[in-house]
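Below you will find one chain, with nothing else, as structure tokens; this is the form predicted alone, and questions on how it binds or moves follow later.
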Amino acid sequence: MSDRSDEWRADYDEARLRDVPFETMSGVPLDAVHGDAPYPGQYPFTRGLHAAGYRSRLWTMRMFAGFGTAEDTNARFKELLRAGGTGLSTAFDMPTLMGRDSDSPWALGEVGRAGVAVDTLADMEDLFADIDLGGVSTSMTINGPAATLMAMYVAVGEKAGVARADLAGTIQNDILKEYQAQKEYIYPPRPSMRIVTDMVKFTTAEMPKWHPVSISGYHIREAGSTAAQELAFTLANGFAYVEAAIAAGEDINEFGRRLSFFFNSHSDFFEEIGKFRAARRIWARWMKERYGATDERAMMCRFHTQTAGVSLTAQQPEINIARVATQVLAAALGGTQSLHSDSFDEALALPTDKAARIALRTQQLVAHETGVVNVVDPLGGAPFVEWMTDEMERQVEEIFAHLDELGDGSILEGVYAGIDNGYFVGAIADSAYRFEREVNAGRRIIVGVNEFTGGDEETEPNLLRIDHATEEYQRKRLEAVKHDRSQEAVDTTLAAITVAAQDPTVNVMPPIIDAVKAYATEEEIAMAMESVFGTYVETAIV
């Protein structure tokens, strides 16, 4: 027996295993791990972060939800928790994502349409009403105004008697991928990175259960990248945040273990599994060998996964249930820590309660009926899976070498340069164009779209529709909050944010929390920093 095997057995804690039979449906007992070292839970974590894998704990079933008013989404949250969801994930509407209030001219026609509208602390209070924030972890998908939304969550927790130190969850706060793919930015890259770094400092000091950045490849993939580009651009952005935090004097062993990732689970089953396995290995090696991390927890690539929204079809939408199931299975075999499964109707509208419940049940079926959770990294050692993992790493390292060259030895500067010269946008656009040409030529079959199209005449399913009354309600609610608050307190706290933004040695989080508690609006807070940082306008690449 090898020393690595002895180490693995020492880490495999029988006392922490779930109380279920680890055997086949026919009653055949199953070993926890098969194959050679390195074993699960051992550096560089190719086979998983923990020795026992899902034998000790299943992934968090964190369903993404948000629409209409805060009260509407609060009801959906409670329904998902009743249905067996184990974490919350919040989708915000487009005005909120862009740092604009519901009464802004920019918000016309978009309030509550693609997520929940949040303008002030009053909305956040309603969003999490009667939900135990000390007993559930929450993810918030927000980037440009992330500091403000996190401040609101802190304030809501404190009002409910939950200390900052006890709040658990993640805020996306991955501003770099906004310039590369999603385009929901406010300020230029460098001041935006300053805000991200301030949030890392704040949470490291005061919120030990909180992940201040979820470095997100999901949107890069949805924009049309390849799997290798998704992985390379995402990890490169992660290294950029690491370099920025180190430059700000932060300890990599402290903040490194609090970074998390967010990947896409697309339709090419084995490519996705290889991508997930390679992600852990690449991140661990770079954190140790390039950035000097010594704490293995700071080398671990923890990630949330979402099935591929871009793969969903409006044609024959029920087929999407099968698509999502295979993507869920790939994420589970790849060792994700948490997972959102898309609803079958999302190519047509926001998901209905029934569609969201089917999506959650899909995860539960994979977890409890397929047996894939009984063995850690069950595909580890399979020649094709190991080759795919290696091939992912090879392609990713080529991209890293290019970014390193662009940045004269700094991935951070290479990412800045790649944003400025259009490298990321161009690479993603080229990949998206190639894929669409293959679909249009019939060389790549999408069931129900360019082949097997019988059944397109079927009746459209019931859809969730957000009417204009929602926008009117939200605008009147915001007007009432502004009427009832102390304008003097708002003005004072906003001025403090502007002063803090002018001094890079001052953390912007405390004054933002003060402004939130005074019921300053999201847009007012954004404008207080915009007066110092300016706004970002993308350069056209021709």
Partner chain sequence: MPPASSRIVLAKLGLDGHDRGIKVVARMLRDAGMEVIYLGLRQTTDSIVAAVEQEDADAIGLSMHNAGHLTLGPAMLAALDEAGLDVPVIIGGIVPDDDRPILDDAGVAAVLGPGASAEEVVTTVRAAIDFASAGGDETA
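Computed from a prediction, not measured in an experiment: that's the story for all the values here. Residue numbers count along the first chain shown, from 1.
One more form of this protein should be noted, the form predicted together with the partner chain, which is absent from this view; the next part is about it.
- Among residues of the shown chain, Arg113 is one whose heavy atoms approach the partner chain to within 4.5 Å in the predicted bound form.
- Residue contact check for Gly238: none of its heavy atoms lie within 4.5 Å of the partner chain in the predicted bound form.
- Although the partner is absent here, Ile319 sits far enough away that none of its heavy atoms falls within 4.5 Å of the partner chain in the predicted bound form.
- When the partner chain is considered in the predicted bound form, Gly161 lies well away from it, no heavy atom lying within 4.5 Å.
- In summary, among the residues Ser410, Asn74, Thr326, Gln315, the only one with a non-hydrogen atom within 4.5 Å of the partner chain in the predicted bound form is Gln315.
- For the options Tyr433, Phe269, Phe452, Phe384, the residue carrying a heavy atom within 4.5 angstroms of the partner chain in the predicted bound form is Tyr433.
- In summary, the region of this chain contacting the partner chain in the predicted bound form, judged by heavy atoms within 4.5 Å and restricted to 167-175, 277-285, 346-354, 250-258, corresponds to 346-354.
- Applying a 4.5 Å heavy atom cutoff to the partner chain in the predicted bound form picks out Arg221, Glu222, Ala223, Gly224 from 203-227, in order along the sequence.
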